[in-house]
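Here's a solo chain for you in structure tokens, the form predicted on its own.
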């Protein structure tokens, strides 16, 4: 339901150039699905759109720019959905479940393209990798969403650990997306069942860090997180 509201609220009058750009985007995405991203050239895309190469370059300087639009559009709808989740509840478990479900929902009609892109996406040197420098802006914005999710929630945990949670929750969500992309169960039910089972356990463990005796475990854990994410 939130997705329909998002699409309705973002409808605006578009120019001829925007209409053309949208058409080229759709043609390109269909071509990637049919031929594969790595195997597709800009000349292939221009030919499929019945345009000169120069005319195609006017809208997209390279094929990675097409995927960048895909990433940005999916992020925009994801952000909109998260705002709705945060308005509905302060419970961190429900929020985390809602955020992950919202992210999967934004990709629901694009699972096949994510499978096509998976080879490039897992290469940190690729501009398409969510872990690479080219995706830093969207990555940081997503971590900020996780930070907002935590800060206005009912979560109580050890103060030092709390500062690492936005990045850790982002990593958890990315892992679930990867699991979902390759899940061949009916409607990816296995992934959703796994998320429903694992998420409450993660939240419960985080809450337990308030117990004083947890310090002997938390000390080495925070040192590990400092190595992984950076000092806080």
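This one's a predicted model, so the numbers in the text were calculated from it and none came from an experiment. Residue numbers count along the first chain shown, from 1.
Same protein, other form: the form predicted in complex with a further copy of the same chain, not shown, and the subject of what follows.
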property: Residue (of 34, 193, 26, 50) lying close to a further copy of the same chain in the model of the complex, criterion heavy atoms within 4.5 Å; result: 193
property: Contact test in the model of the complex: residue 141 vs a further copy of the same chain, heavy atoms, 4.5 Å; result: no
property: Residue 187: touches a further copy of the same chain in the model of the complex, heavy atom cutoff 4.5 angstroms; result: no
property: In the model of the complex, residue 88 touching a further copy of the same chain (heavy atom, 4.5 Å); result: no
property: Distance check, residue 30 to a further copy of the same chain in the model of the complex, heavy atom within 4.5 Å; result: no
property: Site check 115, 216 and 227: each within 4.5 Å of a further copy of the same chain in the model of the complex by heavy atom; result: yes
property: Among 153-161, 70-78, 93-101, 115-123, the region lying within 4.5 Å of a further copy of the same chain in the model of the complex by heavy atom distance; result: 115-123
property: Any residue of 168-187 that, in the model of the complex, places a heavy atom within 4.5 Å of a further copy of the same chain; result: 178, 179, 181, 182, 184
property: Shift in CA distance, residue 34 and residue 106, in the model of the complex relative to the form shown here, given it is 3 Å or more; result: closer
property: Closer or farther: C-alpha pair residue 36/residue 108 in the model of the complex, relative to this form, given a change of 3 Å or more; result: closer
